[in-house]
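In the form predicted on its own, a lone chain appears below as structure tokens.
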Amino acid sequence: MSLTAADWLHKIHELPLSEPVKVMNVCGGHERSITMAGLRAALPKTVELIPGPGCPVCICPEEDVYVAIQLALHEAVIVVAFGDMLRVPVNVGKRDIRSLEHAKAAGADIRPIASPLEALQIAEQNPQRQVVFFAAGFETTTAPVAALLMQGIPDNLSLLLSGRLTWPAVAMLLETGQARFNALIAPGHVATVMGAQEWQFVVDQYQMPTAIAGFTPVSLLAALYSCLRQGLEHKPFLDNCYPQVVTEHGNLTAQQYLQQTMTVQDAPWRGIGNIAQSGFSLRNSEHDARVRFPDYAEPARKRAGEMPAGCDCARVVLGAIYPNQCRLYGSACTPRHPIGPCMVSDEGACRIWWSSGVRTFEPSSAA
């Protein structure tokens, strides 16, 4: 008989946890499931779950969003992007257009989409118009973009690619000693594409308990139990607690498409800086919007392109503080009026916490 969430909670409470254990859950989808199910309140006081860098909207470089806005405003193009990207603010004056949503309200032709196929359909339906697909996301959304390129796209469709890999951010935290966690729940959807083995380095190089989880309370609690037990027994290993869809080597076809259409390079993460070998770029410049259109990536954007003044989104993304420890949380920054990107996306920890009813600011001892 399969164990229920209540069964896993009981098993977790039975563990002899005398020392605090900090477990990072990398994925924004995991954070949403954990918070909405109230799992933190149900766990032993010694167990701390820390949201990690798994929100692609939150770490998309500000200068990339700026370029998308300028293309939409100054070129005769249709800009399409995943829905959450439309509300991400850039760092400009209060009277300036600060998001794709604002640019749309100002008359630019900007359309939200839910999948790369919609970008293709819009291009095919508008053969006389240039269509720019602002493609931001991690491996799970970049792989379908690669598949789109493999099947061939029309001449009037180009990509403003801002794709990132997840594991290098975790590696960066571990390598630099900035990690506040001593166990890891790895993202299930990313592992579905890239394979469970992609997270083996956490165990091999850092001897850290690691488990891959799905998105139900049952899978998340099973992964948490595995991490806690590994730590108690001092026998870290990579545990796949999402075997329904995650295999050791992942989706080989998707990986092949990524390799044939894209290269991997050092890339910036908003508020964090460059992370080695963490970004996708197009192999063929034929459909690269950065090549096809004038360069709107002003050099000054790299200086202005951090988080807004007072915004602690980067520290939230890196697990240094909890969302409600951001100085702007719930005051200047709310889902209706987001200042930082973590309050925009359904995968952003600040937005998730606010939506779950956490409305009070809590000063951080790490500030």
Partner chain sequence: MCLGIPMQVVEINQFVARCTAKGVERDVSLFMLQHENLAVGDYVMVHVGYAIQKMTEEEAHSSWELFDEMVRLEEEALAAYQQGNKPNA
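Positions refer to the first chain, counted from 1. Being a predicted model, the structure only gives us computed values, none of them experimental.
The following text describes the form predicted in complex with its partner chain, which does not appear among the structures shown.
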Check for me: heavy atom within 4.5 Å of its partner chain in the predicted bound form, for each of 37, 114 and 193, yes or no. yes
Just one of 203, 297, 106, 147 has a heavy atom within 4.5 Å of its partner chain in the predicted bound form. Which one? 147
Tell me, which of 207, 253, 197, 265 has a heavy atom within 4.5 angstroms of its partner chain in the predicted bound form? 253
Is the gap between residue 45 and its partner chain in the predicted bound form 4.5 Å or less for some heavy atom pair? no
Residue-level contact is defined here as any heavy atom of the residue lying within 4.5 Å of its partner chain in the predicted bound form; does residue 215 satisfy this criterion? yes
Considering only heavy atoms, tell me if residue 280 and its partner chain come within 4.5 Å of each other in the predicted bound form. no
Can you work out whether residue 357 and its partner chain are in contact in the predicted bound form, taking contact to mean some heavy atom pair no more than 4.5 Å apart? yes
For the chain shown here without its partner, which stretch in 236-244, 94-102, 265-273, 72-80 has non-hydrogen atoms within 4.5 angstroms of its partner chain in the predicted bound form? 236-244
Near its partner chain in the predicted bound form, with a heavy atom at 4.5 Å or closer, the residues from 328-346 are 330, 334, 336, 337
